[in-house]
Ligand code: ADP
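Shown next as structure tokens: one chain only, the form predicted on its own.
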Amino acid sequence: MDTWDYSAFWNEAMNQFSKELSAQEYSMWFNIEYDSASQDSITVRVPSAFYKDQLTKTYQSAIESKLFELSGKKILIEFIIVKPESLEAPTKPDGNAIGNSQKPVAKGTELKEKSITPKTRERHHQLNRRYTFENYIIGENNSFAANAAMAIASNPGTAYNPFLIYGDVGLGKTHLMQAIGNRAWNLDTQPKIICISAEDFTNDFIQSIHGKNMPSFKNRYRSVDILLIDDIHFFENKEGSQEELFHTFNALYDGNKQMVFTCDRPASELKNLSDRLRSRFERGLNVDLSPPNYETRYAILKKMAETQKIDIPAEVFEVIALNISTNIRDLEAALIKLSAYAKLVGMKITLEVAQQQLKDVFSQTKHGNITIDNIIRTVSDAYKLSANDLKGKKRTRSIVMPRQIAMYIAREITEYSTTELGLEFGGRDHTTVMHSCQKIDAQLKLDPTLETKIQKLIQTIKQISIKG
């Protein structure tokens, strides 16, 4: 039993906050529980590092001030992160639960929540029933995005609006976006949801123009509670679709309706997009998904095998996770190949079988034959510099321009993310890479000869890659 017991002060503080804040805000952020106390502090439990960070920034000082008012002494708040299954839904001090709050998982753990789907609720025809939070593996590469997504799904339109998820192919952007839709759809509120790709939105827009049915189109998209649009990079160079989406965005935003978008890059890197629409995408919360680390890849493979009821020994998971580090789709493809081989040949999947059947996959380089080293070497040779000059910290004009060109080329002809490129170029931040690419884009408009130089460099790089 604790020597110090401040639970009475804590309960009264929570009682007052529950009255001062909206039910939605209290439900979303006060997912916390009294744990213990010392002479000068109270320790409370939170479900994830994400919640801890948000509470520290937004609410900690207010909670401590409230406790001071009630107790007459300064009591500090300390947070500990516990597994989500050990926390109940946030409640008012009278014991009644508030809302249908769903808890994020602690980083590196798998979601194991009870289903909240009403028995009479049919699935949404545009949502894939497999894309749920329960089937989404949380790791260091996606914990922030996943926790934010679950907070949005529980209280759409109240925070983080719009929500933009970006990253390379196969990292789970669509899964996470649709998980928001599935979670919100299965809550009691039964929102009106549209989940569509940018291409289908464009096609729908064109058909509405041809069919002279624009009022119906506008009403369909501007009357939803949640709008989910996949692959917004498709909107580049499509001025009509951009214009319509801009007005749709404004209507939904003004009505506090939730919008979620996915993209293969940050909105700032979309070249042929109107400035005002780009600014709308950047208005809310933008999160990036990076390739999963080894532990997460292993967990993903294990989850896939369990779901598909494939008998695979742990050592096979290990060798696949060690050799395939690109994305989730490549992991799934390797698993499907092994499963198909085992069924067709009638053999068990062993380490030897896996190494033999996946040797071609394992031998492929991460991004094909084009490497960053080849790009850096080619550009540095062309400008009579060393590779270390392009990776180093010197900022003289004779080095900065070639370095920016090398980053621009790497972004154009490889699938590396800006974060990965930053690491390859001397451990720079991804914003440096983005700035370099934007500078070259601007220079290309002013200097027609630069385009010719860059294309010659790209041709040389590709020839080197083919030979080597």
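Fair warning: this is a prediction, and the values are worked out from it, not measured in the lab. The first residue of the shown sequence is 1; numbering continues from there.
From this point on, the text means the form predicted in complex with the ligand, which you will not see here.
K.L.:
Taking 4.5 angstroms as the cut-off for heavy atoms, does D168 touch the ligand in the predicted complex?
P.N.:
Output for D168 is yes: heavy atoms within 4.5 Å of the ligand.
K.L.:
Even though the partner isn't displayed, in the predicted complex is M304 close enough to the ligand, meaning a heavy atom within 4.5 Å?
P.N.:
So M304 counts as contacting the ligand.
K.L.:
Determine whether any heavy atom of R183 comes within 4.5 Å of a heavy atom of the ligand in the predicted complex, and answer yes or no.
P.N.:
No, R183 stays farther than 4.5 Å from the ligand in the predicted complex.
K.L.:
Flag E78 as yes or no: does it have a non-hydrogen atom within 4.5 angstroms of any non-hydrogen atom of the ligand in the predicted complex?
P.N.:
E78 lies outside the contact set for the ligand.
K.L.:
Picking from 328 to 336, 269 to 277, 383 to 391, 344 to 352, which part of the chain touches the ligand in the predicted complex when contact means heavy atoms within 4.5 Å?
P.N.:
That would be stretch 328 to 336.
K.L.:
Out of T371, S241, T174, T248, which one falls within 4.5 Å of the ligand in the predicted complex, going by heavy atoms?
P.N.:
Comparing distances to the ligand in the predicted complex, the residue within 4.5 Å is T174.
K.L.:
Within 4.5 Å, heavy atoms only, which of I376, V260, A149, I137 is in contact with the ligand in the predicted complex?
P.N.:
Exactly one listed residue reaches within 4.5 Å, namely I137.
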